[in-house]
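Only one chain is shown below, in structure tokens, and it's the form predicted alone.
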Amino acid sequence: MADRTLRGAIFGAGFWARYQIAGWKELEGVELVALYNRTREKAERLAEEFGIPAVYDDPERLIRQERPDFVDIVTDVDTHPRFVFLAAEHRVPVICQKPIAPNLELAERMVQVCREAGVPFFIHENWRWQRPLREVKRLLNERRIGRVFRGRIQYSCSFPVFENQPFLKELDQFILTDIGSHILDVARFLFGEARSLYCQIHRVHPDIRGEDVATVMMRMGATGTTVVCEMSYASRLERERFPETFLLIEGERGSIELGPDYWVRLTTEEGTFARRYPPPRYAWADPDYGLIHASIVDCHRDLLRALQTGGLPETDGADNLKTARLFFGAYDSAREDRVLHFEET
């Protein structure tokens, strides 16, 4: 099966769908054969742009007629459960955008239904696939700074995200589900599973419904590393580089810093070694989102390998549930002003 070209179908034709499609087009071993959107005219325009031969406004009809090897769900989070259950019913492997579901109970049900149906269920969690973050992970794996005792993950800027995605203004839950689903996954990727969590949130923009600032502190991993995650779309800072994530990781023998413009600095008693790790550039990528769009391709590659071999990607549904428990739990922590404790997994 690894040598066979897989036939994929895309569900959705919104802001992110074109970049998801363009990312698949970068890889060999996959062919996009159909596109679904509830507004057929919108789907037809996008399908024509990318040479996708079939368009549907009925998702079940698409699955029955095309029999794709997988579906990739790039729609609003409220529709994720419906489409995942549909794919599971027809025994079609499914990839789903983050956040996995509008609440934790539905997320757990989605994973359970796919498991019971024997259907692969993967989450397109691309943030951890950014090139500079992969380099930081490599340095941590090499234990260049010894036992890590503290980490800081910062994603704070004043980028006008509501201009090209105005629907974000209407979300009752915003930054923890939109960006926290990424940042808290990065925390797990770098430091292991959370043992406890405490969160505070704020709404700074006056014309939005949800929170646009969140601060999460966790104890993570076997050694209880203290990790602080800062997320904000209301911060005007000297070092703004949307959509870059900054890191400062401290260990018993040194530190690792990921700073602006993709610079990674490793500091030990021997001094500081610095190197820049820019992302690949793609002609189809929006320059404002180039770092994120490049990570889509590497995430796709991992998902495709798993589909072809019958293995698991880094971010399947069961793994992403652990991230979902963090960002949904963060809302509980902020609302109740209390520390949450998690059982070891």
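All figures in this text were calculated on a predicted structure; none of them were measured in a lab. Note that residue numbering begins at 1 and tracks the sequence as displayed.
Another form, the form predicted together with a small molecule, is not on view; read the next lines as being about it.
Here is the short version: of Trp127, Phe83, Phe189, Phe246, the single residue with a heavy atom within 4.5 Å of the small molecule in the predicted bound form is Trp127. The contact with the small molecule in the predicted bound form, taken as any heavy atom within 4.5 Å, belongs to Asp178 out of Glu135, Glu250, Asp178, Asp212. Heavy atoms within 4.5 Å of the small molecule in the predicted bound form are found in one stretch of 189-197, 75-83, 159-167, 222-230, which is 159-167.
Trp16 belongs to the set of residues with a heavy atom inside 4.5 Å of the small molecule in the predicted bound form. Although the partner is absent from this view, Ile292 contacts the small molecule in the predicted bound form, with a non-hydrogen atom inside 4.5 angstroms. Looking at Phe242, you'd find a heavy atom of it within 4.5 angstroms of the small molecule in the predicted bound form.
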